[in-house]
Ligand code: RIB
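A lone chain, given as structure tokens: the form predicted on its own.
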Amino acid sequence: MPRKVIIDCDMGIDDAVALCMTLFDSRLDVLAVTATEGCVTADQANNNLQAIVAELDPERYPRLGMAQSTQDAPAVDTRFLFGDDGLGNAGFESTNRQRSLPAEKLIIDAVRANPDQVTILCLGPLTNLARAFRRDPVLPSLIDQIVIMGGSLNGVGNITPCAEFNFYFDPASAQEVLKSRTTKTLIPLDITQQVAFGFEMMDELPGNRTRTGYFLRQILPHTFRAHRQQLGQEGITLNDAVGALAMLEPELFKFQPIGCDVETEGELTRGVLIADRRTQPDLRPNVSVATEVRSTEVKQYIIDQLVTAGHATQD
């Protein structure tokens, strides 16, 4: 029986790659895809969500949940990496194919309709899931598993010197979800950044005559240019693609139960993942954290997932 999944993401380029990987995997029943504000505004995230799913046009069309603005969100500008629209300025048009619900309402409805069966894959700030927990306090006990891409175990960030973007953008929600009584897996930044792709990746993608291949070839060149011009890097990392693969192929990672929290108010440390790895920790283990990755195999698995998606979307 396919695994029931909700995918929650902030609709940037690596989120789009993760959706290509998951929407066509026969092992998954994607109940819903929900947008959250993060690397783009809530309105842009909603436009991107509708555009991505319409471009890929999966046979099993998921329900779509719309993002709302995040309170106290920091002023961050990721256009230098993702483009003005978050998708490399590809110019995809959104389409209102179906009636949409607020993301947290859709999460609640889908979990309650499938108690103890749903995995939630969180690839952006954890705003929607925290809102769902506040709206329905029983919900955490009804979720099978949460897989989160976020945080930095070694304290080296990608938005501040010590914070990863998703946790930095909404640290209160990250803290609330990590402290919730749920089964949680965390894929931190220092794991995802061990999986790097060179430009030769473009030659391994599905061809332009597939919907997946055409879509990826519109968005990924911008990422390679931005990493080279803005970061001085020849290769790219696709954090959310690695997060998605950790859900699909967990045997490629090594995990450790760790007591975790998130700093919510520090002037210099907002969004920092606190992982108590002392021999006598004060924090009780509450998250299974990825601490090792078989990066070469993960890289190939991601390519293979995209090729499979290409076969599924041949015109």
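Computed from a predicted model, the values in this text were never measured in an experiment. Just count from 1 along the sequence shown to find any residue number.
Below: the form predicted in complex with this ligand, not depicted.
G124 versus this ligand, in the predicted complex: is there a non-hydrogen atom within 4.5 Å?
G124: yes, in contact with this ligand in the predicted complex.
How about S94: is it within 4.5 Å of this ligand in the predicted complex, going by heavy atoms?
Output for S94 is no: heavy atoms all beyond 4.5 Å of this ligand.
Counting only non-hydrogen atoms and a 4.5 angstroms cut-off, does V262 reach this ligand in the predicted complex?
It does not: once this ligand is placed as it appears in the predicted complex, V262 has no heavy atom within 4.5 Å of it.
Evaluate L273 for contact with this ligand in the predicted complex, applying a 4.5 angstroms cut-off between non-hydrogen atoms, and reply yes or no.
Result no; L273 lies far from this ligand in the predicted complex.
Indicate whether the candidate residues T41, L129 and D170 are all in contact with this ligand in the predicted complex, with contact defined as any heavy atom within 4.5 Å.
No residue of the spot touches this ligand in the predicted complex.
Just to confirm the contact call: exactly one of 198-206, 177-185, 237-245, 215-223 touches this ligand in the predicted complex at a 4.5 Å heavy atom cutoff, so which is it?
Looking at the partner contacts, the answer comes out as 237-245.
So which of S100, N89, N158, Q117 reaches within 4.5 angstroms of this ligand in the predicted complex, heavy atom to heavy atom?
Of the candidates S100, N89, N158, Q117, N158 is the one lying within 4.5 Å of this ligand in the predicted complex.
Quick one: which residues from 164-179 get a non-hydrogen atom within 4.5 Å of this ligand in the predicted complex?
E164, F165, N166, in sequence order.
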